[in-house]
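To begin, one chain is listed below as structure tokens, in the form predicted alone.
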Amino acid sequence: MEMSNRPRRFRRTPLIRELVAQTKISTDQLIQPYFVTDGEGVKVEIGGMPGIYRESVDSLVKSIEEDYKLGLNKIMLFGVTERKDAMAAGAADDKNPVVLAIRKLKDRFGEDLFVSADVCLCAYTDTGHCGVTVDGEIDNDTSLPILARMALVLAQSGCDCVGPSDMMDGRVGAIRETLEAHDLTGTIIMAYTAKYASSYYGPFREAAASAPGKGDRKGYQMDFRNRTEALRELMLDEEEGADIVMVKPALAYLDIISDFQRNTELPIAAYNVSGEYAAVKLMARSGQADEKSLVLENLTAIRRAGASIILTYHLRDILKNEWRLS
């Protein structure tokens, strides 16, 4: 048969496939999330997230020391505490386990470890909501100075990057203004720009003990039916001083990541969230999929869509098992 165009020529051998591969991933682009809690000697595996733990500061530092030896050098910290109240006082005090962990980690690793931390009130309010409640409503403007104060304390403790995930209007601007006023001009803001109200967060809410006690988060997180609204959020976060913009979750929102890639020159992050991680673990443990292949396929899809940074719970496994990503 006469045929001049044969796309299969590029698929014939592994070396040829590597030669023409259009999307490649490096562990340099990946950030591993960790959960840090009150107390000492605490290391509890999270039921819905095999291989992921809720740890006290002392245990966390030891775990990160071991992970660092594998080559893991970029992390995101989330706080877990029983000290909750109406105004989220624990978000910015000296007993906050995230603050304590940052200080320990920076003393131990300095600039050799990139430390980012979540900025949200859900783990610190007695309602479990991401902003404070006033007269039965999540009050946007009352929440802003509390979020800004939290970001300030994290940055003063040595945090390289703060990640506001609360989805309050104006929070990026409030945080940037506060950081600038305290001469913290080098602190990166990685904004959760398009954070959707998603069912993929279930295991995370178990991990962080942050499920809302009443109602849901649809009044401030984005509606998954909406696409162009994300571009409005992108425009606002750019104007307010974000350095990195994020889409969360990742796999069900590849179109949003792609939209961002076409509409901003800022680095784009995507969060490969807890439910996405748990699904991979479930399929792998039941023999329905090869874990390495599934992880690689998912991360490549996120990268292919346009994300240059990926937050993923899989990073430790990738390094420990020496999985080649590209």
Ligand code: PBG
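Predicted, not measured: the structure shown is a model, and the values here were computed from it. All residue numbers are counted from 1 along the displayed sequence.
Here the subject shifts to the form predicted together with the named molecule, a form of this protein not shown in this document.
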Has each of Y34, F114 and D160 got a heavy atom lying within 4.5 angstroms of the named molecule in the model of the complex? no
The one residue among T127, T187, Q221, N73 placing a heavy atom within 4.5 Å of the named molecule in the model of the complex is Q221
The one option of V273, L299, I64, I257 with any heavy atom within 4.5 Å of the named molecule in the model of the complex is V273
Look at the stretches 140-148, 93-101, 199-207, 226-234 and give the one with heavy atoms within 4.5 Å of the named molecule in the model of the complex. 199-207
Using heavy atoms and a 4.5 Å limit, would one call Y192 a contact residue for the named molecule in the model of the complex? yes
With the partner left out of view, is K84 within 4.5 angstroms of the named molecule in the model of the complex by any non-hydrogen atom? no
State yes or no: in the model of the complex, is some non-hydrogen atom of E240 no more than 4.5 angstroms from a non-hydrogen atom of the named molecule? no
With a 4.5 Å heavy atom cut-off, would you call R176 a contact of the named molecule in the model of the complex? no
Contact check, 161-184 vs the named molecule in the model of the complex, heavy atom within 4.5 Å, ordered by sequence, gives S165
